[in-house]
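Before any questions on how it binds or moves, here is one chain, the form predicted on its own, in structure tokens.
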């Protein structure tokens, strides 16, 4: 079953990625969501509808939770396991992770699709059309980039670690995140802020980064890529033993995770 879910995700992600590249208009219509800097374009919504069609055609009984509002009517019951059926599947879809990059024609955005079974992410795909890179993972089956196995770097020293991060859209949160950043920068090799959480986590998975943290992510931002990173050997979590979440998402090579966690805990990176 899980392999079939992965196949559906791969097909839908590739189709959406190709659509977003080939059909990108010269001028995008831009609307805003939570703040004036939190944007959505007509291509986000069109790509999400395309992905939903692929999923519904392949698996008409499944639920979908999409960033831009594509949702089945029973996503709450599926997430909570209250519908009485074992093996229920919910798809977590981000049609363009890195919309601001897409808007500015910066080649750092991706299509992210994860399949959750009874509340556990079992398969995930992140497709970067600009680079022709498709990251994929199934729980317990390892992670791949374009069909080849990948793993995290061997970095064991936080002072030599290249760390990725991101910032929220709310001005107050950004100000707080910048304070945290000033505490991180002197301790690590350097910081990268590339603008797409899914690709940051996939960069960790294939040894292009050694660690990553961010506050304020949504489930569709990290569901697929978090699995890719975990299956590539990364440790993933929140602060103080809590699971990774929108409160704080921390991921790193096994040796870097604890010192990065301790640094972020001391900086209270999980509060605004």
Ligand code: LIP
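Numbering follows the first chain given and starts at 1. Please read all numbers here as calculations on a predicted model, not as lab measurements.
The protein also exists as the form predicted in complex with L-MYO-inositol-1-phosphate; that form is not presented, and the subsequent description refers to it.
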item: Contact residue in the predicted bound form, from 96, 158, 163, 150 (heavy atom within 4.5 Å of L-MYO-inositol-1-phosphate); value: 96
item: Contact residue in the predicted bound form, chosen from 221, 231, 210, 48 - any heavy atom within 4.5 Å of L-MYO-inositol-1-phosphate; value: 221
item: Interface segment, criterion being heavy atoms within 4.5 Å of L-MYO-inositol-1-phosphate in the predicted bound form, picked from 121-129, 136-144, 150-158, 189-197; value: 189-197
item: Residue 65 within 4.5 Å of L-MYO-inositol-1-phosphate in the predicted bound form, heavy atoms; value: no
item: Partner proximity in the predicted bound form: residue 55 to L-MYO-inositol-1-phosphate, non-hydrogen atom cutoff 4.5 Å; value: no
item: Those residues of 214-233 which, in the predicted bound form, come within 4.5 Å of L-MYO-inositol-1-phosphate by heavy atom; value: 214, 217, 221
